[in-house]
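In structure tokens, one chain follows: the form predicted on its own.
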């Protein structure tokens, strides 16, 4: 294939919905492309125009409009448009204009039809306008990403190629001038058809092998050879190569089987890159499972703190690979628990065995498996009732301090409300905790409501499970039986309303640079989580995750038909918007936060976010009537 076509294929194959296609399908796409150039301001597609191709933006930017003239979407490099028109009679529904000088790849409509018929993921993407929300099977696929990711995804640059008659001096010089760590050696006299290809001029070449820095040291310097030695004399005789649509897993096995650290990646025998063992390891280290293994292998808190960049990389990878918010939240919560557990193990190793049994308790988002990249620590200690403060409290204070300080160093900030085990109020025997919980349930006030919202989402981090289970059972059986508590929690949940104005437009805030933003946690996910918790308590659900609670609520008659599904959709949309913005912050080297700027969100996602806020608003209105309280309003506080 012509090098220019290979470059087109490489670009398209890196963007959805083409990134999941096989090499054969990508070949078909590439062979049926026409390239067009549009100056800024020129019309690419007119309304109701016949369409003969799917349009892919190679570079530049495009605005797509509704027939009414309203902006529908703003698209950039790697985006597609025209697919809705192709699906509906091959006639455009949305006119499109280049807002920058733009290069377009027009992919023949017949190829588009073939892909829709033969590839479900491609069809889902173009029909839904996005990747389908992952099913359970797909979620498992994300967690086993190594098994599915094609090795071409790891190829970042074209291979450096040297002819076999080139001298070692010249080859080494070229290698030193390039960022590549290896070069491919080719020979016109080769006779192995497996690795023979035609270049752009039609000349045949055979890939003989790979040369690295280590080869120059071992076969030139160590053996005392002349630097004018042709590299055909020092290149390894055995070439190990993988096809570009083989998986990362298969590439790893090839490296292990042949005991090599470099692989040539070929597409239809033409070399397109070289993969190093470091590339695979770097890809794998962004896996949450690998990260958890690393956490438990650390022998000092300082080693744990150095893993913070890996935590962020793991989250970025999950979000960019299309994981849903529940998958990301569970992965980040599992990582957070691993940090806490390892810190407790290290503290116990230093302090000695605990004087009485205990449980280290997690609350809030970690307990719900809903952590994001911006989180603080909410924890407490539940101690056996044999606890004697005079004899034992110094041990547990030191334990709490080591864990809390360690978590802060690992990126889990101290709780501003001092909800941590270092606070003596939250380092108590089980019987005291039971009294706490019953007082919050039976006589709610502003402070107790605040504590109910935090502590009623609880999970065991480490230690005696029975202590935490006792408290979980108390919440599940007693909280839902207290109309006063449910009414008070309902009123409290109405303190934070969604940012939608009278005309259903966003109501934004402004930061120090006058940028308009919305705090998605404060105005979206937090009030949504609050109202889900209330319904879950009312129906006696023992689930901690908000999506699981909604599934339990759906089985009751608490909400009308379809409401639980609508709230689940709203939670997914708002959680993903928050995660995507945090990932963008990391990629652009900003500290992640919970804010999004609506003007930077594509039109389609803005519409989804508005719909999610409307669902929250409707649910809050219902909450007021579902759990009516006494007329004397309890003064409440926000967390």
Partner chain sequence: MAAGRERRDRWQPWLESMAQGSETADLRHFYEAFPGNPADPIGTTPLAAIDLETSGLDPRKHAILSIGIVPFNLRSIATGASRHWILRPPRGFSGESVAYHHIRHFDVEQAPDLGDVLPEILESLRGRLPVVHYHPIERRFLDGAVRERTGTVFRFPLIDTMEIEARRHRRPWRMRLGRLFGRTPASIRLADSRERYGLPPYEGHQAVVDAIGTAELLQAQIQHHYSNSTPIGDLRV
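In this text, rigid core is short for the largest set of C-alphas that superpose within 1.5 Å between two forms. Positions refer to the first chain, counted from 1. What you see is a predicted model, and the numbers here were worked out from it, not measured in a lab.
In what follows, reference is made to the form predicted together with the partner chain, a form of this protein that is not presented.
Put simply, residue 59 is close to the partner chain in the predicted complex: some heavy atom of it is within 4.5 Å. At the 4.5 Å threshold, heavy atoms of residue 38 reach the partner chain in the predicted complex. In the predicted complex, the partner chain sits within 4.5 Å of a heavy atom belonging to residue 32.
Heavy atoms of residue 101 reach within 4.5 Å of the partner chain in the predicted complex, making it an interface residue. Put simply, of 112, 81, 105, 433 only one has a heavy atom within 4.5 Å of the partner chain in the predicted complex, and it is 105. Screening 610-618, 51-59, 584-592, 571-579 for residues having heavy atoms within 4.5 Å of the partner chain in the predicted complex returns a single hit, 51-59. In a rigid-core overlay of the protein, residue 480 has its C-alpha displaced by under 2 Å between this form and the one not shown. Relative to the superposed rigid core, the position of the CA of residue 98 differs between this form and the one not shown by 2 Å or more. With a cut-off of 2 Å and the rigid core superposed, residue 583 has a Cα displacement that falls short of the cut-off between this form and the one not shown. In the predicted complex, the Cα positions of residue 580 and residue 101 lie at least 3 Å farther from each other than in the form displayed.
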